[in-house]
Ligand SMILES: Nc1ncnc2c1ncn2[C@@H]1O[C@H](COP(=O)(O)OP(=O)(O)O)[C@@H](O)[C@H]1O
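Just one chain is shown here, as structure tokens, and it is the form predicted alone.
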């Protein structure tokens, strides 16, 4: 069994709902993400939000990021303040980058927003991440010269340089071939290991990949005779002995968990 403990609340959703006119999209969303401590290990949190296409994942994603306001309820951070735009790093599915800036210039702009970096250290930090993410030879290029996978890696580095403790990933595994998918999954794992309070929230319908990286899974779905999607179940992979396992996909309990999630969707 993994040796761990759950400590302070890092982010909390309370009674979150969202309506467009008379149509209820999200209903009574409640969950907490806590700081997970493991003795002798620097380990951030990785949470997956899973649901069918069109169920409301994107709307909930934007609320968590502070980009949209809920119709009811609230999302608060560890200090008790409501989340607002800029509190969380966001890696969108379309990997938005400044087309008129080189990759280095875009990363430099992100680093300058981080008060932890002294101006003379910015180049060193950019080069460090570029080497780690295999982008060194691409720093002088423009976004249109990069592949989709390379753009995604640049987007992740931007958020790391920004210094946010929270990073949300919008469908990070969508449209990737098997080789690139494995690389991106490993990169996300590396990000989670970079800081004790680093908290990653993955919004995805690639159930197996998302769950294999996570310590907690929230399943978004609808309930009979009730409008709007809500959190139907929370799965604590830590307590099941499935978190932080390199060979998780080969474990019978993992396959049983995947089947359980699919049955709820």
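Numbering follows the first chain given and starts at 1. These numbers were taken from a predicted model, which means no experiment stands behind them.
Unshown form predicted in complex with this ligand; subsequent notes refer to it.
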Exercise. Only one of 208-216, 28-36, 50-58, 192-200 gets a heavy atom within 4.5 Å of this ligand in the model of the complex; which is it?
Worked result: 50-58
For this session: Report whether the minimum heavy atom distance between residue 250 and this ligand in the model of the complex is within 4.5 Å.
Result: no
Exercise. Judged by heavy atom distances of 4.5 Å or less, which residues of 7-26 approach this ligand in the model of the complex?
Worked result: 20, 23, 25
